[in-house]
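The data below hold one chain only, encoded as C-alpha coordinates and taken in the form predicted alone.
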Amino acid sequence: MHSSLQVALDIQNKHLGKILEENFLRSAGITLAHKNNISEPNLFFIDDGPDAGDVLGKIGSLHQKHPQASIFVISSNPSPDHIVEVMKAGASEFFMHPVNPEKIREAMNRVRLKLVEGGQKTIGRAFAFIGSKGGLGTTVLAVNTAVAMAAARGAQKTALVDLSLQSGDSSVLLDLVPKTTMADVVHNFSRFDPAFLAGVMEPSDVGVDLLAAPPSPEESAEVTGEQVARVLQACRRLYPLTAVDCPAMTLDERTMEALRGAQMVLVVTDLSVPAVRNAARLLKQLRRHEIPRVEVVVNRFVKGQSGTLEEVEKTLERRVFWLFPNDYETTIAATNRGTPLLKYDPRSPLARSIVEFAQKLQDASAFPNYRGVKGLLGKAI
(Lines give C-alpha, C1' and ligand atoms only; values in the text may rest on other atoms or scores of the structure.)
Protein backbone atom coordinates (compact mmCIF):
# COMPACT_ATOMS: atom_id res chain seq x y z
CA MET A 1 0.00 0.00 0.00
CA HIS A 2 1.23 3.47 -0.88
CA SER A 3 1.58 5.56 2.26
CA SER A 4 2.71 8.67 0.35
CA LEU A 5 1.60 10.35 -2.87
CA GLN A 6 4.76 10.88 -4.95
CA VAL A 7 4.50 14.10 -6.96
CA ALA A 8 6.63 15.52 -9.80
CA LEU A 9 6.43 19.11 -11.08
CA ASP A 10 6.99 20.63 -14.53
CA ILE A 11 6.08 24.23 -13.68
CA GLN A 12 7.70 27.26 -15.35
CA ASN A 13 5.47 29.84 -13.66
CA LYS A 14 7.21 30.56 -10.33
CA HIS A 15 4.06 32.08 -8.81
CA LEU A 16 2.06 28.96 -9.69
CA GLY A 17 4.82 26.73 -8.32
CA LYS A 18 4.72 28.62 -5.01
CA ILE A 19 0.93 28.27 -4.80
CA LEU A 20 1.13 24.52 -5.39
CA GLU A 21 3.88 24.06 -2.84
CA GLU A 22 2.23 26.12 -0.09
CA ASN A 23 -1.27 24.69 -0.56
CA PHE A 24 -0.61 21.04 -1.37
CA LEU A 25 2.96 19.83 -1.43
CA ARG A 26 3.78 20.44 2.23
CA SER A 27 0.83 18.36 3.42
CA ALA A 28 1.14 15.05 5.26
CA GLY A 29 1.49 12.13 2.88
CA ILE A 30 3.05 14.09 -0.02
CA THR A 31 6.57 13.33 -1.28
CA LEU A 32 8.28 15.47 -3.94
CA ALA A 33 9.91 13.13 -6.46
CA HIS A 34 12.90 15.33 -7.37
CA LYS A 35 13.86 15.76 -3.72
CA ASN A 36 13.73 12.03 -3.00
CA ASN A 37 15.18 10.57 -6.23
CA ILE A 38 11.88 8.92 -7.16
CA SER A 39 11.87 7.66 -10.74
CA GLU A 40 8.21 6.58 -10.85
CA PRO A 41 6.00 9.38 -9.50
CA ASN A 42 2.27 8.78 -9.02
CA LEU A 43 1.26 12.29 -10.07
CA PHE A 44 2.66 14.93 -12.47
CA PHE A 45 1.73 18.62 -12.42
CA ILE A 46 2.30 20.32 -15.81
CA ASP A 47 2.20 24.06 -16.46
CA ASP A 48 0.38 24.87 -19.72
CA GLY A 49 1.41 28.51 -19.78
CA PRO A 50 2.96 30.71 -22.50
CA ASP A 51 6.52 29.55 -21.70
CA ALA A 52 5.70 25.85 -21.34
CA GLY A 53 6.71 24.75 -24.85
CA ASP A 54 5.11 21.70 -26.48
CA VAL A 55 2.66 20.77 -23.71
CA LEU A 56 0.82 18.15 -25.77
CA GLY A 57 4.14 16.46 -26.56
CA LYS A 58 5.12 16.47 -22.88
CA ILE A 59 1.80 14.94 -21.85
CA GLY A 60 2.01 12.24 -24.50
CA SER A 61 5.58 11.36 -23.56
CA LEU A 62 4.78 11.16 -19.84
CA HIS A 63 1.67 9.09 -20.52
CA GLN A 64 3.76 6.57 -22.48
CA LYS A 65 6.61 6.39 -19.94
CA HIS A 66 4.36 6.36 -16.85
CA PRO A 67 1.02 4.85 -17.91
CA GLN A 68 -0.09 4.31 -14.29
CA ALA A 69 0.61 7.91 -13.23
CA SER A 70 -1.95 10.71 -13.20
CA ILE A 71 -1.21 13.94 -15.09
CA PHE A 72 -2.70 17.24 -13.92
CA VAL A 73 -2.51 20.13 -16.39
CA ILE A 74 -2.88 23.75 -15.23
CA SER A 75 -3.67 26.07 -18.13
CA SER A 76 -4.62 29.66 -18.93
CA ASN A 77 -6.14 28.63 -22.26
CA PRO A 78 -9.92 28.18 -21.87
CA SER A 79 -10.54 27.01 -25.45
CA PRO A 80 -12.76 23.89 -25.48
CA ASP A 81 -10.77 22.51 -28.43
CA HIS A 82 -7.55 22.88 -26.46
CA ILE A 83 -9.03 21.14 -23.42
CA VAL A 84 -10.10 18.23 -25.63
CA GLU A 85 -6.59 17.98 -27.13
CA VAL A 86 -4.99 18.00 -23.67
CA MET A 87 -7.27 15.22 -22.41
CA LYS A 88 -6.76 13.14 -25.57
CA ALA A 89 -2.99 13.44 -25.13
CA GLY A 90 -3.30 11.62 -21.79
CA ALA A 91 -4.05 14.21 -19.10
CA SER A 92 -6.12 13.01 -16.15
CA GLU A 93 -7.35 16.44 -15.02
CA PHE A 94 -7.47 19.94 -16.53
CA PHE A 95 -7.49 23.02 -14.27
CA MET A 96 -7.77 26.68 -15.22
CA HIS A 97 -5.31 29.19 -13.83
CA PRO A 98 -5.78 30.79 -11.31
CA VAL A 99 -6.37 27.46 -9.64
CA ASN A 100 -9.18 26.46 -7.30
CA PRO A 101 -7.34 24.82 -4.35
CA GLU A 102 -10.33 22.74 -3.27
CA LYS A 103 -10.79 21.20 -6.73
CA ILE A 104 -7.11 20.27 -6.91
CA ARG A 105 -7.21 18.81 -3.41
CA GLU A 106 -10.25 16.68 -4.30
CA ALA A 107 -8.53 15.43 -7.48
CA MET A 108 -5.37 14.56 -5.53
CA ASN A 109 -7.43 12.61 -3.03
CA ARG A 110 -9.02 10.63 -5.87
CA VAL A 111 -5.54 9.71 -7.11
CA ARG A 112 -4.41 8.70 -3.64
CA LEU A 113 -7.55 6.61 -3.07
CA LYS A 114 -7.04 4.80 -6.36
CA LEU A 115 -3.48 3.97 -5.30
CA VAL A 116 -4.24 2.77 -1.79
CA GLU A 117 -7.17 0.65 -2.88
CA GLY A 118 -5.15 -0.93 -5.68
CA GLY A 119 -8.31 -1.46 -7.69
CA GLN A 120 -10.09 -3.27 -4.86
CA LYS A 121 -12.37 -1.93 -2.15
CA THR A 122 -11.45 -3.85 0.97
CA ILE A 123 -14.01 -4.39 3.68
CA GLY A 124 -11.69 -5.57 6.40
CA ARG A 125 -12.17 -6.57 10.00
CA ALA A 126 -11.17 -4.73 13.17
CA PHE A 127 -10.19 -6.23 16.54
CA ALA A 128 -10.29 -3.97 19.61
CA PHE A 129 -8.16 -4.74 22.69
CA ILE A 130 -9.19 -3.29 26.06
CA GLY A 131 -7.60 -4.10 29.43
CA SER A 132 -9.53 -4.65 32.63
CA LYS A 133 -6.85 -2.53 34.31
CA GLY A 134 -3.55 -0.92 33.43
CA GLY A 135 -0.28 -2.86 33.33
CA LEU A 136 -1.68 -6.09 31.92
CA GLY A 137 0.28 -5.96 28.66
CA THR A 138 -2.71 -5.04 26.51
CA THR A 139 -0.63 -2.83 24.21
CA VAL A 140 1.97 -5.59 23.81
CA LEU A 141 -0.78 -8.00 22.73
CA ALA A 142 -2.42 -5.50 20.36
CA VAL A 143 0.85 -4.48 18.68
CA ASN A 144 2.21 -8.00 18.31
CA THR A 145 -1.11 -9.39 17.10
CA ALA A 146 -1.02 -6.75 14.35
CA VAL A 147 2.56 -7.80 13.53
CA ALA A 148 1.57 -11.48 13.40
CA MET A 149 -1.39 -10.74 11.14
CA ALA A 150 0.81 -8.74 8.77
CA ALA A 151 3.42 -11.52 8.63
CA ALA A 152 0.74 -14.09 7.81
CA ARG A 153 -0.61 -12.01 4.94
CA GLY A 154 2.69 -11.42 3.14
CA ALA A 155 2.59 -8.20 1.10
CA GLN A 156 -0.71 -7.03 2.63
CA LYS A 157 -0.19 -4.65 5.50
CA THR A 158 -2.14 -4.48 8.75
CA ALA A 159 -3.37 -1.31 10.44
CA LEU A 160 -2.84 -0.45 14.10
CA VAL A 161 -4.79 2.39 15.71
CA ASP A 162 -3.53 3.68 19.07
CA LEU A 163 -6.56 4.92 20.99
CA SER A 164 -4.69 5.17 24.28
CA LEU A 165 -4.81 8.86 23.48
CA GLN A 166 -3.28 10.22 26.68
CA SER A 167 -0.22 7.99 26.77
CA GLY A 168 -0.09 5.76 23.70
CA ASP A 169 2.94 3.46 23.62
CA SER A 170 2.35 1.60 20.36
CA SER A 171 4.91 3.72 18.51
CA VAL A 172 7.55 2.85 21.12
CA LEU A 173 6.94 -0.88 20.69
CA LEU A 174 7.33 -0.49 16.92
CA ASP A 175 10.44 1.71 17.29
CA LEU A 176 8.77 4.58 15.43
CA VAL A 177 8.86 8.34 15.84
CA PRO A 178 5.63 9.21 14.01
CA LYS A 179 5.66 12.24 11.73
CA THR A 180 1.85 12.20 11.65
CA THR A 181 -0.68 11.17 14.30
CA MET A 182 -4.36 11.25 15.19
CA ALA A 183 -3.86 15.00 15.71
CA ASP A 184 -3.54 15.38 11.91
CA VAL A 185 -6.95 13.73 11.54
CA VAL A 186 -8.43 16.19 14.05
CA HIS A 187 -6.90 19.24 12.39
CA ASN A 188 -7.97 18.20 8.88
CA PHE A 189 -11.22 16.40 9.60
CA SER A 190 -13.22 18.45 7.09
CA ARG A 191 -11.35 16.70 4.28
CA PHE A 192 -10.90 13.32 5.95
CA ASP A 193 -11.45 10.23 3.79
CA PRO A 194 -9.62 6.90 3.22
CA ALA A 195 -7.11 8.62 0.96
CA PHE A 196 -6.25 11.16 3.64
CA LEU A 197 -5.93 8.40 6.24
CA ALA A 198 -3.47 6.54 4.00
CA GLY A 199 -1.29 9.65 4.01
CA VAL A 200 -1.11 9.92 7.81
CA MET A 201 -0.54 6.23 8.63
CA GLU A 202 3.06 5.71 9.75
CA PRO A 203 4.66 2.67 8.05
CA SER A 204 6.88 0.28 10.00
CA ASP A 205 9.37 -2.36 8.87
CA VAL A 206 7.17 -5.21 10.18
CA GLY A 207 4.20 -4.69 7.86
CA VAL A 208 2.12 -2.62 10.26
CA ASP A 209 0.90 0.90 9.46
CA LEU A 210 0.31 2.88 12.65
CA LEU A 211 -2.05 5.72 13.40
CA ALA A 212 -0.34 7.01 16.52
CA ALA A 213 -1.87 8.82 19.47
CA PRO A 214 -1.51 12.63 19.49
CA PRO A 215 1.76 13.95 20.90
CA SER A 216 0.15 16.00 23.70
CA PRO A 217 -2.74 15.63 26.17
CA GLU A 218 -4.27 18.87 24.87
CA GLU A 219 -4.55 17.47 21.35
CA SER A 220 -5.83 14.16 22.70
CA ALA A 221 -8.76 15.96 24.27
CA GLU A 222 -9.83 17.25 20.85
CA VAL A 223 -10.45 13.76 19.41
CA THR A 224 -14.18 12.98 19.10
CA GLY A 225 -16.18 9.80 18.84
CA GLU A 226 -17.23 10.71 15.31
CA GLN A 227 -13.59 10.98 14.26
CA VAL A 228 -12.78 7.57 15.76
CA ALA A 229 -15.75 6.01 13.97
CA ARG A 230 -14.68 7.50 10.63
CA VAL A 231 -11.08 6.37 11.15
CA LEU A 232 -12.15 2.76 11.69
CA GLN A 233 -14.47 2.86 8.69
CA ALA A 234 -11.58 4.11 6.55
CA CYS A 235 -9.20 1.48 7.98
CA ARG A 236 -11.63 -1.27 7.05
CA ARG A 237 -11.76 0.11 3.53
CA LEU A 238 -7.98 0.20 3.17
CA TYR A 239 -6.77 -2.77 5.23
CA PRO A 240 -7.94 -6.38 5.53
CA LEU A 241 -7.18 -6.36 9.27
CA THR A 242 -6.99 -3.61 11.88
CA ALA A 243 -5.97 -3.84 15.54
CA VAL A 244 -7.14 -1.13 17.93
CA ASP A 245 -5.42 -0.52 21.27
CA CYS A 246 -8.01 1.00 23.63
CA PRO A 247 -7.34 2.57 27.05
CA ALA A 248 -7.94 0.26 30.01
CA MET A 249 -11.39 0.36 31.66
CA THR A 250 -12.37 3.47 29.71
CA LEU A 251 -15.77 3.51 28.04
CA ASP A 252 -15.98 7.11 26.93
CA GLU A 253 -17.54 8.15 23.62
CA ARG A 254 -14.32 7.54 21.67
CA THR A 255 -13.68 4.05 23.01
CA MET A 256 -17.33 3.08 22.55
CA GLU A 257 -17.17 4.03 18.87
CA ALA A 258 -14.09 1.83 18.50
CA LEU A 259 -15.80 -1.10 20.20
CA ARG A 260 -18.94 -0.68 18.09
CA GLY A 261 -16.83 -0.60 14.93
CA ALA A 262 -14.88 -3.76 15.80
CA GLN A 263 -15.85 -7.23 14.65
CA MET A 264 -14.49 -8.59 17.93
CA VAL A 265 -13.70 -6.95 21.28
CA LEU A 266 -10.98 -8.65 23.32
CA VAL A 267 -11.09 -7.95 27.05
CA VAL A 268 -7.61 -8.54 28.48
CA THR A 269 -7.19 -9.68 32.09
CA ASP A 270 -4.88 -11.76 34.22
CA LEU A 271 -6.00 -14.05 37.04
CA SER A 272 -5.50 -11.54 39.85
CA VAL A 273 -8.57 -10.63 41.88
CA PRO A 274 -8.60 -6.89 40.96
CA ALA A 275 -8.24 -7.60 37.25
CA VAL A 276 -10.94 -10.30 37.24
CA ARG A 277 -13.30 -8.12 39.25
CA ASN A 278 -12.81 -5.27 36.77
CA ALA A 279 -13.23 -7.66 33.84
CA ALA A 280 -16.61 -8.77 35.22
CA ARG A 281 -17.70 -5.15 35.55
CA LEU A 282 -16.46 -4.34 32.06
CA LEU A 283 -18.30 -7.29 30.52
CA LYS A 284 -21.50 -6.19 32.24
CA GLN A 285 -21.14 -2.68 30.80
CA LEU A 286 -20.46 -4.02 27.30
CA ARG A 287 -23.60 -6.16 27.49
CA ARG A 288 -25.55 -3.09 28.55
CA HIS A 289 -24.24 -1.24 25.51
CA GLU A 290 -25.11 -4.25 23.31
CA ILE A 291 -21.59 -4.81 22.00
CA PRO A 292 -22.16 -8.08 20.12
CA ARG A 293 -18.89 -10.07 19.95
CA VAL A 294 -16.81 -9.93 23.12
CA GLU A 295 -14.18 -12.45 24.18
CA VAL A 296 -11.91 -12.63 27.25
CA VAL A 297 -8.19 -13.36 26.96
CA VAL A 298 -5.88 -14.01 29.90
CA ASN A 299 -2.33 -12.71 29.83
CA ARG A 300 0.59 -14.09 31.88
CA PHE A 301 -1.04 -17.45 32.47
CA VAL A 302 1.09 -19.96 34.38
CA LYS A 303 0.54 -23.70 34.11
CA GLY A 304 -0.94 -25.08 37.29
CA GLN A 305 -3.47 -22.25 37.56
CA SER A 306 -6.21 -24.31 35.89
CA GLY A 307 -8.18 -24.52 39.14
CA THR A 308 -8.03 -20.74 39.47
CA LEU A 309 -9.00 -20.47 35.80
CA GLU A 310 -12.17 -22.49 36.40
CA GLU A 311 -13.14 -20.17 39.25
CA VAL A 312 -12.48 -17.11 37.08
CA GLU A 313 -14.64 -18.50 34.27
CA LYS A 314 -17.47 -19.01 36.74
CA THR A 315 -17.10 -15.42 37.89
CA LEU A 316 -17.05 -14.10 34.32
CA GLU A 317 -19.82 -16.51 33.25
CA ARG A 318 -17.95 -17.47 30.09
CA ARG A 319 -15.10 -19.59 28.80
CA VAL A 320 -11.83 -17.74 28.30
CA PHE A 321 -11.05 -17.43 24.59
CA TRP A 322 -7.22 -17.54 24.81
CA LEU A 323 -4.48 -18.01 27.41
CA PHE A 324 -1.20 -16.19 26.78
CA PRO A 325 1.72 -17.77 28.67
CA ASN A 326 3.73 -15.74 31.15
CA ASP A 327 6.85 -14.55 29.31
CA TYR A 328 7.52 -11.40 31.27
CA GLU A 329 11.30 -11.19 30.99
CA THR A 330 11.37 -11.61 27.20
CA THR A 331 8.54 -9.11 26.81
CA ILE A 332 10.33 -6.49 28.93
CA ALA A 333 13.58 -7.02 27.00
CA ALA A 334 11.78 -6.55 23.67
CA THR A 335 9.96 -3.47 24.95
CA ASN A 336 13.18 -1.88 26.19
CA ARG A 337 14.72 -2.49 22.77
CA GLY A 338 11.71 -0.90 21.05
CA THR A 339 11.27 -4.09 19.01
CA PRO A 340 8.10 -6.12 18.52
CA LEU A 341 8.33 -9.39 20.43
CA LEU A 342 7.78 -11.39 17.26
CA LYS A 343 10.87 -9.81 15.75
CA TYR A 344 12.98 -9.79 18.93
CA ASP A 345 12.46 -13.47 19.79
CA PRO A 346 10.00 -15.23 17.44
CA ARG A 347 10.58 -18.56 19.22
CA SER A 348 9.65 -17.31 22.67
CA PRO A 349 6.53 -18.90 24.19
CA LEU A 350 4.50 -15.69 24.05
CA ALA A 351 5.52 -14.92 20.44
CA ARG A 352 4.45 -18.39 19.31
CA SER A 353 1.18 -18.05 21.21
CA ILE A 354 0.43 -14.68 19.61
CA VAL A 355 1.00 -16.14 16.13
CA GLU A 356 -1.51 -18.91 16.87
CA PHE A 357 -3.92 -16.42 18.42
CA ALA A 358 -3.77 -14.27 15.29
CA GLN A 359 -4.55 -17.35 13.19
CA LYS A 360 -7.59 -18.10 15.34
CA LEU A 361 -8.86 -14.53 15.02
CA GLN A 362 -8.70 -14.81 11.24
CA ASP A 363 -10.15 -18.31 11.09
CA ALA A 364 -12.66 -19.26 13.79
CA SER A 365 -12.23 -22.96 12.96
CA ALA A 366 -8.50 -22.91 13.75
CA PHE A 367 -7.56 -24.66 17.01
CA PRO A 368 -11.14 -25.58 17.99
CA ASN A 369 -10.17 -26.70 21.52
CA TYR A 370 -6.66 -25.35 21.93
CA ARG A 371 -6.39 -21.82 23.35
CA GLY A 372 -2.69 -21.17 23.75
CA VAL A 373 -1.57 -23.48 26.57
CA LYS A 374 -1.33 -27.26 26.94
CA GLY A 375 -1.27 -29.32 30.14
CA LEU A 376 1.40 -31.76 31.29
CA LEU A 377 0.16 -34.54 29.00
CA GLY A 378 -0.13 -32.29 25.97
CA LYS A 379 -3.90 -31.89 26.32
CA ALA A 380 -5.34 -28.46 25.64
CA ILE A 381 -6.33 -26.64 28.82
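Note that this is a predicted model, so its numbers are computed, not measured. Note that residue numbering follows the sequence shown and begins at 1.
The following text describes the form predicted in complex with a small molecule, which does not appear among the structures shown.
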Heavy atom within 4.5 Å of the small molecule in the model of the complex, from candidates 300, 97, 237, 254, belongs to 300
The small molecule in the model of the complex has a heavy atom of only one listed residue within 4.5 Å, and of 134, 225, 203, 274 that residue is 134
TL;DR on 175 to 183, 134 to 142, 83 to 91, 209 to 217: the one with heavy atoms within 4.5 Å of the small molecule in the model of the complex is 134 to 142
Quick one: is residue 327 in contact with the small molecule in the model of the complex, heavy atoms, 4.5 Å cut-off? yes
Self-check item: Partner contact for residue 167 in the model of the complex: the small molecule, 4.5 angstroms, heavy atom
Solution: yes
Whether residue 43 contacts the small molecule in the model of the complex should be assessed with a 4.5 Å heavy atom distance threshold; does it? no
*Does the small molecule get within 4.5 angstroms of any non-hydrogen atom of residue 335 in the model of the complex?*
yes
